[in-house]
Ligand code: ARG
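Single chain ahead, by itself, as structure tokens, in the form predicted alone.
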């Protein structure tokens, strides 16, 4: 069969041109969405008396057969037919004949068709990523609840800073992932708009009902402006941007897994099932999952830049450049999804060395800030004066090879500066397990504040779970509605008597 658009042409495409134009490898993910969108479009055409009930029945019969043949492996996409849309339509025309199958594309263009397919597919992809992020959050919440008072050295500039808790560290990632979920929610809202019926760019002179197809496809609203619809790929850019930022957070986590699992840090041990060995050094246990997370972050960044570069300078209307929108997005979804899968397992199975954490948390003068705060409260000095006093104390202790636990030396040095701190006060300040309880500010590392944040995060997670369920139910309901109408039409019922609620 000749190209469906070939009426104007006298020559066939060269083999190399045909191969260059085809997008089967990318489109093959959207076959079922293309069939669903075509069913919805055909139902709407018949309901609006643009095609007959007989036309509709024949079209729906062959679309259902295309679905079954695809799922069973009998329908194999051909590169000669360029893309998934032409493959499905040609299958339909071969089966139903051009007098029936040729009517499906009435009031539709590949321009709005590909956007419809992509949006239907992207919805599922976003929801899948959101569920995986929630699973990772849950692992961190469980870790936090078990370690509300487990001291951990907090770092700035990768240098010892202040003692915090493992729960505080874990919930920091829960907090960051909440924003990732918000970004994906916003992207989803822009994806979840119906482009079908925009046609090539100007709409159509046929009396179509775009709200009806939105209902049949589960879109929350119609993207109205047809020229903007056809020109738009910002919803893909926004989705990619959300994935990129999330991947940067996963990379940050991976970096901590890499250096925390070193012999020098000794903070944790990664499970054997998430590490790999050396081909020459038998003692090695390498954090390869974490390292590849860092490395593959660059591929997701590259996907975003690839899309933004492709979008740059394209005028309004469809341009074939836009065919390049999905490869980077599919690639990013794949990387982020797989990275989340292994990260969930890596965090869930890691073993934390609490003794090492306790040792590091109180070492290297990490409680110095709280000593300065204590002097402000108890001695009425300015913070800058207390900062200088404590800084001088740390410097002198360091030069003498001593630390804060050498109370006699600390007392001697502070007394020389006219400051008196009792040994009991020193124990409360310098012991990291006691130190963490001194924090009172909202969102701080104190077990009480972290417990409050855990409760808040759990509520937010429950809300996200409910939102995902609602979004999935809306999609499922629309699919069932479409399937029900298809079934009724194939049973011989006239479309005019079928209500689309």
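Positions refer to the first chain, counted from 1. All values derive from a computational prediction rather than experimental measurement.
Form predicted together with the ligand: not shown, discussed below.
Checking 179-187, 155-163, 410-418, 77-85 against the ligand in the predicted bound form, the stretch whose residues place heavy atoms within 4.5 Å of it is 77-85. Shown alone here, residue 318 lies within 4.5 Å of the ligand in the predicted bound form, counting heavy atoms only.
Heavy atoms of residue 111 reach within 4.5 Å of the ligand in the predicted bound form, making it an interface residue. The closest non-hydrogen atom of residue 369 lies beyond 4.5 Å of the ligand in the predicted bound form. For residue 23, a non-hydrogen atom is located within 4.5 Å of the ligand in the predicted bound form, even though that partner is not displayed. Only one of 403, 248, 286, 323 comes within 4.5 Å of the ligand in the predicted bound form through a heavy atom, and that residue is 323.
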